[in-house]
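There is one chain below, alone, in structure tokens, taken in the form predicted alone.
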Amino acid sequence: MSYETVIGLEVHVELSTASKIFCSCETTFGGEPNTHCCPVCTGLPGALPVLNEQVVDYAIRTCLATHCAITPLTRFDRKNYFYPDLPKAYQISQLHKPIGRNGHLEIETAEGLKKIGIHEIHMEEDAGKLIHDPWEDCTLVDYNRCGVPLLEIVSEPDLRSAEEALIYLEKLRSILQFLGVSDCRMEQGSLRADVNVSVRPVGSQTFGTRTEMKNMNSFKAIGRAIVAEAKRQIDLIEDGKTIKQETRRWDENKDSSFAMRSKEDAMDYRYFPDPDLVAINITPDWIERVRSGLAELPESRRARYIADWQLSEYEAGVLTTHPAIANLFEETATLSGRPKDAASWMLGEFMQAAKEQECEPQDLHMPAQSLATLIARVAEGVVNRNTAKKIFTQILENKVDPDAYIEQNGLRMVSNPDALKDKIAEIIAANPQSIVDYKAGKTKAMGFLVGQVMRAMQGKADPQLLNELLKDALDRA
């Protein structure tokens, strides 16, 4: 029998607000344990929450970008459960009136566009972090993350493969980054997902029993976990066993999951409206104010790059994977007036540098003016591309000014025909066999001599002029 995998994702996004959702504590990642907390976020008796308005603004942005209907009168509920990283023994979340409902994203699959429904978006506070210390055989609690604002974006069970799930996640992450609501650094937990998986016979309209894998913060792990969990469930069904509705934990090292606890339903959390927080009236004027300030999203930018700057779909697609890449490209293209060259440097040297340094694009030091200047100097023939690559590295690592670095290090390209002719004559005289090889039709001889001249001139010879003069000298030899 053939089976179909059914996947739903609950994506948790930490918002990039300066302070927490219900208090003024900072949200900066890191810091010494338990230094970013106060009586409110640690749940001390008598402390009362006050809502951070920017959290609601960011939630409205996200609802608009994902085509969600915004709830005019939204409110917070208490989700009751006991866990050591939750000092109040309840989490302030939303159940009955979440801020957004019934949205969707369209993803590009092998079969074409597919609409993935978004069941709801709700606001809530994050919990603390448990740190397990195997040496001391104990567990420590860091409450710095308690009260950091979260959006939970809950998809409909419309995804049918690990590939579709990852495409959806990548698109959602890109939108959130361009909106400016989150940095989505998965390694820091700013974006993580609970993955719900079930299987059913192909053609069946009845959902199977689902399991959930919690707090996954790696695309690679999510893809592997979906494949492994679907296989586990199919094996159980074919062995005549029952799938239990449960929460499972993914073990990356063993490439498998294991049961943690039975899966809770909403009734298990005993939700009720939070008595300390009033309902929020989201007016049409508020929505329009947020809408008018929305950043241009990746799809719109891609279309504009193709139409206005004649970039290929591939180039435009890569340049809009992250706002730091898109913003640097646009500014560089505008300053230099050479968008194709700007795209080439971004897709080549810039992306390679980010990969080598294993960092996010915004972490690289590359001022648009410096890159635009470098592009102009190559176009003007001041330096060749190989020399420019070395200058690019110096800008990244040492924050040099490209023009000053060129002058201080004598990197201007030699375009004087007489100087080049003298060096060519010297190299040819030192390599007589190359003349014989060239006359015999061996094209590699020309390349060898070009390399020798370039080496002798420390890479500063004008490549086009060098090739012309060298060919002329060999033809006359």
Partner chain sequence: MSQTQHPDLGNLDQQGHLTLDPILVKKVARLARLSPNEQELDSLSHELGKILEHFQNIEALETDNVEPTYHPQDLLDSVRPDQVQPSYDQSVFMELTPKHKDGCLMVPRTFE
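Numbering follows the first chain given and starts at 1. Quantities reported herein were computed from a predicted structural model and do not represent experimental measurements.
Keep in mind the form predicted in complex with its partner chain is missing from the figure; the text below concerns it.
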Quiz item: Pick from 69, 425, 436, 50: which residue has any heavy atom within 4.5 angstroms of its partner chain in the model of the complex?
Solution: 50
Exercise. Could you check which residue among 254, 390, 270, 220 gets a heavy atom within 4.5 Å of its partner chain in the model of the complex?
Key: 270
Quiz prompt | Close approach of residue 84 to its partner chain in the model of the complex, 4.5 Å, heavy atom | solution = yes
Quiz prompt | Touches its partner chain in the model of the complex: residue 348 (any heavy atom, 4.5 Å) | solution = no
Quiz item: Using 4.5 Å between non-hydrogen atoms, is residue 385 touching its partner chain in the model of the complex?
Solution: no
Quiz item: If you check in the model of the complex, is residue 19 within 4.5 Å of its partner chain, heavy atoms only?
Solution: yes
Self-check item: Stretch in contact, per heavy atom within 4.5 angstroms of its partner chain in the model of the complex, of 167-175, 305-313, 212-220, 131-139
Solution: 131-139
Quiz item: What residues, if any, in 212-230 have a non-hydrogen atom within 4.5 angstroms of its partner chain in the model of the complex?
Solution: none
Exercise. Tell me whether residue 153 and residue 215 end up closer or farther apart in the model of the complex, going by their C-alpha atoms; the shift is 3 Å or more.
Key: farther
Quiz item: Versus the form shown, are the CA atoms of residue 215 and residue 152 closer or farther apart in the model of the complex, given a shift of 3 angstroms or more?
Solution: farther
